[in-house]
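Just one chain is shown here, as structure tokens, and it is the form predicted on its own.
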């Protein structure tokens, strides 16, 4: 059983109080709104939400729920303080952190007189770096040291209004952003009854994941609506289409394609995206999301070129030219577009592609190679070593088992990895860098 204070008695705070009380913990709520404090102190919810009224009443009847308008009382009567205050958008889009920073200052002032270790948990949505900022604020006002007398843990919530209680008690996972072993142990004990995966990450990862999640959810809604608008014009049942789409859990609803790296290419994705956009345009259906995907993909290729130019190498090598590993298909290959752009900037270029070499040796796809990329064929080398030994920058677009040793053995060659080799022994080397990580 833990003694928990909750700062902010809105949707996140009220649900947290009710659910933690159900799990057997003692809760004390705090808010600058005296009306909310009064309601919680009587075991009443501050929000309209399924199941929350019963949880608040049960927790209060069991003596597990109280509330106060005193920061000192809330902190002194708890070992863990959850920050659940609002962080609304400012006019320019950034989050207004004034409430959470003010709460942190007040907690810090109280901690000055507290002798026991205290955990401050950021439950509110905050930008990366806020954990560190709050740690410094509490240090300043408490005159105590983070990691010794207190710790700030980032623990983003993933609650949907309307089913927030169910989401709290049955989460897909629990994210804990901290490197403090003592605090992580206590937080794990807090969440273990929920029987879900508990993932320990750095604070910045925990802080950004909520933005990523909700932006993707917004994208899903918009994507589905654009598909619906197209289907409506074609007299097609869009719900049947999207139901069919969701049945594919190998590609459509899965981790596949969700690894940051280089741009997409090939014959299928560009062709079908263009085709769907054409159908939309022919029916006068505006689809801003679908129409911007190709532009974003081109921007990513240019982003890689900008990095190459910033590195400043004049002799460049590319490992992998086809649109992905395991094929000699180079149609719409992002690597070819990058190679041509590098040449256009006046750099020398050497290329190794295992599958293009096989295609040339076997004379399969030979006509397409000679017809479509004759300017790149003379730049193909017979081995990875041949490329690395002749250039000062190597761009990796496919995983190759020889590359880790080559990176270690050629410290004067810079390696720019667009796909991530997933070899921790090279990721700390000064001549290696990842493109999107």
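Numbering follows the first chain given and starts at 1. Owing to the predicted nature of the structure, the values given are computational and were not obtained by experimental measurement.
Although not depicted, the form predicted together with a small molecule is the subject of the following passage.
- When contacts are defined as a non-hydrogen atom within 4.5 Å, all of 9, 12 and 85 contact the small molecule in the predicted complex.
- The stretch in contact with the small molecule in the predicted complex, judged by heavy atoms within 4.5 Å, is 122 to 130, chosen from 108 to 116, 306 to 314, 122 to 130, 244 to 252.
- Contact with the small molecule in the predicted complex, judged by any heavy atom within 4.5 Å, is made by just one of 192, 272, 363, 161: 161.
- With the partner omitted from this view, the residue of 357, 102, 297, 222 that lies near the small molecule in the predicted complex is 102 [heavy atom within 4.5 Å].
- In the predicted complex, no heavy atom of residue 64 sits within 4.5 Å of the small molecule.
- Although the partner is absent here, residue 331 is not a contact residue: none of its heavy atoms lies within 4.5 angstroms of the small molecule in the predicted complex.
- For residue 33, a non-hydrogen atom is located within 4.5 Å of the small molecule in the predicted complex, even though that partner is not displayed.
- Residue 233 falls outside the set of residues with a heavy atom inside 4.5 Å of the small molecule in the predicted complex.
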